[in-house]
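Starting off, we have a lone chain in the form predicted on its own, written out as structure tokens.
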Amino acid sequence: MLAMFAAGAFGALLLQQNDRAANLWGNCLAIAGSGTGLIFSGAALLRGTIPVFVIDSSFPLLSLSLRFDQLSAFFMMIISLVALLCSVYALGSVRHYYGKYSIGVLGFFYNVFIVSMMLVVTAHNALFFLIVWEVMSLASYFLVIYERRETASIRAGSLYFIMMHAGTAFIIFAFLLMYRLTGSVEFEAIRGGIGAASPLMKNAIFISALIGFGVKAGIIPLHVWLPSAHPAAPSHISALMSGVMIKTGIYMMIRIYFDILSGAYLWWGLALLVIGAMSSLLGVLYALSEHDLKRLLAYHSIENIGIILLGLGSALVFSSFGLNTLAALGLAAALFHTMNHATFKALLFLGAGAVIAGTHTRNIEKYGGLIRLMPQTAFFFLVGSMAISALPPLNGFFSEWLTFQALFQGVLAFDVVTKIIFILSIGSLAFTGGLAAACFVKAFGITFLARPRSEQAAQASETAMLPRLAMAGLALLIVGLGVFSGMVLRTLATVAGSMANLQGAETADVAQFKSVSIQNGFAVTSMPAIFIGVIAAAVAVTVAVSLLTRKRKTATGPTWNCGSDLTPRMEITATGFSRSLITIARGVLRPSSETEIEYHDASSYFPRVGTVTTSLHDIYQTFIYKPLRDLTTIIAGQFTKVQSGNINAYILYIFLTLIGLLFFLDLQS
């Protein structure tokens, strides 16, 4: 598999003078490598074996250790699956870059990006992990700035680069603490030697890992890079970044909190619940305010990361009380939503890419009527919209429903303070579900329904066959994961129970979802029954309507237009659709509007032109990152005084440094 990706990367570079050949070579090798990874990870999941590969290095503490346990195999399967379909999509979608940007460079970083994600979730040595983590960050950075002549892409890439390396600093600190406690950087040795660590050290590792991996996952308030970076990249890269790359942060949280660090503290889980509730609710609120289709989807990634953290937080709380079966339920819910989000978010980004390629704009206000011009893309986008809105019988419903079950168990099991946090988490998840449905009514309706609101939308056409084939594959996965969610859950319960801190969990209890009833305190359901019920209801309604209207004559005529021609100005806009909800949340979103009116010269009473500009204040930029940037600028300005340009001053600095080091060594001896 590694050889396939290496051949795809370097072969695409060698063929960069021929865009078509570089596209075929790079993406076909990516398809082959992803297919191999999918087969291998699927076999590891089904067989339950744990292959281990170790290649010793001449560098101290560094060994190329790869370990495919149940958790690694699960995440590698998700990466392989989404990467395979994104590669199929790219074969037909990157042609508009021919002659503009190097397809060979795109193919090189694309293959490196995929294989680095696979190595991240299988690395079993901290130093090796940091190397492949950095490779993943750099490869994705170059993909974000691929359209290098666009200023927005360069700015998004710069912000992404800074945030990723700030997060990496916290990750390194966490690994250094582990090394100090155990004297090893092998995850297996760390797991065995960290149990006797003091509460202070464990808390420091927890906080450092939360910040470091939370930056990659995009949790609020560490999310500022995500809404800019994901839209800037090509659409199939956006699908990979949003669908699977941010999940590498979730993977390492699970690895550290449930497999390496033993003896979870109650406040760890409560902190994750609070952060998850904030990320899910605020993520969807910011998505509602967006009119850039890809930025809207990027904010929904923050929302869904928050939902995953709700499952992880509940699992940590249960684990701190020794309730390992309930902890396995919460972790299984988080894993299931991780998989589901990868599928429907990838589908939505690929659908958005097809729309943008057809209309040459990301502004939802410029769309309209695309369902007649791009019917298949509209259908696939509708499937993704229904799934992310958690409508049964699609996969998003079941994982959110399972998260509700884990949270309700927390309400039943704990004292008042913990119970209140669980209740607030349930409320945030419920609000998030309703707002997500409203947001995608806007996204789908304004994009595909009514009439075209611009010349670009009126001239759009359906995307090529291969992109539609990739979207069809993801749509089938969404339906299959929903209908057969009970079977999927049994596998995920096994993965959750394989974590070192959840040994002894009765995962069979977690996996018993066979009928709509209450069993052992759990509400359980059968997705095949719901699917059959939905199909039966649709057939019954269709037959009833046909029988009742078979003798009725239908006349088709023009819509009443109030005596004037129908124009796009009469349609509801994305701004108008979401404005009332934004106003309700004005305390957080802080919306503002600016009105400009131009009057006729002869009269100041009758306006000739009027425009209203609406915007939101980013409270995180205003109150966190801007002050931090200003402080950094001031400190850096003070340090520039040291750089005087005088060689004598530099010699003095060296001399003082040597004296200081000698003094320090004397104290140590």
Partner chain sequence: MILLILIAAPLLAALASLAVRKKILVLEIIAMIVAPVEFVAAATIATQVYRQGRSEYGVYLAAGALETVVLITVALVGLAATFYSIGYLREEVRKQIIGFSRVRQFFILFHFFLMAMFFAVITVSPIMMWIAIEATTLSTAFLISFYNKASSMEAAWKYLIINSIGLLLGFFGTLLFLTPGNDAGVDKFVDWRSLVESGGSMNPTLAKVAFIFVLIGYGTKVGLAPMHTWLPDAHSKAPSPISALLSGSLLNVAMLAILKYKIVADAAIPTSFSRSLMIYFGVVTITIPAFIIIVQKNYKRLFAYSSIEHMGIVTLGIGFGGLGTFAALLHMIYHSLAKSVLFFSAGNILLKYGSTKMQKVRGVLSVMPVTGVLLLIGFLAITGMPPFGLFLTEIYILSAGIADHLPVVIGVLLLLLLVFAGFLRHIVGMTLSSYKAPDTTPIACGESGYLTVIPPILLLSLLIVAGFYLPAPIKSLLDSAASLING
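Numbering follows the first chain given and starts at 1. Fair warning: this is a prediction, and the values are worked out from it, not measured in the lab. Definition used throughout: the rigid core is the maximal C-alpha set that superposes within 1.5 Å between two forms.
Absent from the display: the form predicted together with its partner chain. The rest refers to it.
**Q** Out of 45-53, 618-626, 24-32, 634-642, where are the residues with a heavy atom within 4.5 Å of its partner chain in the predicted complex?
**A** Only one stretch qualifies here: 634-642.
**Q** Please determine whether Ser158 contacts its partner chain in the predicted complex, using a 4.5 Å cut-off between heavy atoms.
**A** Taking the distances in the predicted complex, the answer for Ser158 is yes, it comes within 4.5 Å of its partner chain.
**Q** Using heavy atoms and a 4.5 Å limit, would one call Arg590 a contact residue for its partner chain in the predicted complex?
**A** No - in the predicted complex, heavy atoms of Arg590 and its partner chain never come within 4.5 Å of each other.
**Q** In the predicted complex, does Phe321 have a heavy atom within 4.5 Å of its partner chain?
**A** Flag for Phe321 set to no.
**Q** So in the predicted complex, does any heavy atom of Tyr179 sit within 4.5 Å of its partner chain?
**A** Flag for Tyr179 set to yes.
**Q** Counting any non-hydrogen atom inside 4.5 Å, which residue from Glu134, Glu365, Glu462, Glu188 sits next to its partner chain in the predicted complex?
**A** Here the answer is residue option Glu134.
**Q** Only one of Leu266, Ile207, Ile172, Leu476 gets a heavy atom within 4.5 Å of its partner chain in the predicted complex. Which one?
**A** In short, Ile172.
**Q** Using a 4.5 Å heavy atom cut-off, are Leu127, Ile154 and His165 all in contact with its partner chain in the predicted complex?
**A** Checking in the predicted complex: Leu127, Ile154 and His165 are all within 4.5 Å of its partner chain.
**Q** Using a 4.5 Å heavy atom cutoff, which residues in 49-68 contact its partner chain in the predicted complex? It's fine if the answer is none.
**A** The stretch 49-68, when checked against its partner chain in the predicted complex, contributes Ser58, Phe59, Pro60, Leu61, Leu62 at the 4.5 Å heavy-atom cut-off.
**Q** After core superposition, I'd like to know whether Gln643 moves between this form and the one not shown (criterion: C-alpha shift of 2 angstroms or more).
**A** Yes, Gln643 moves 2 Å or more.
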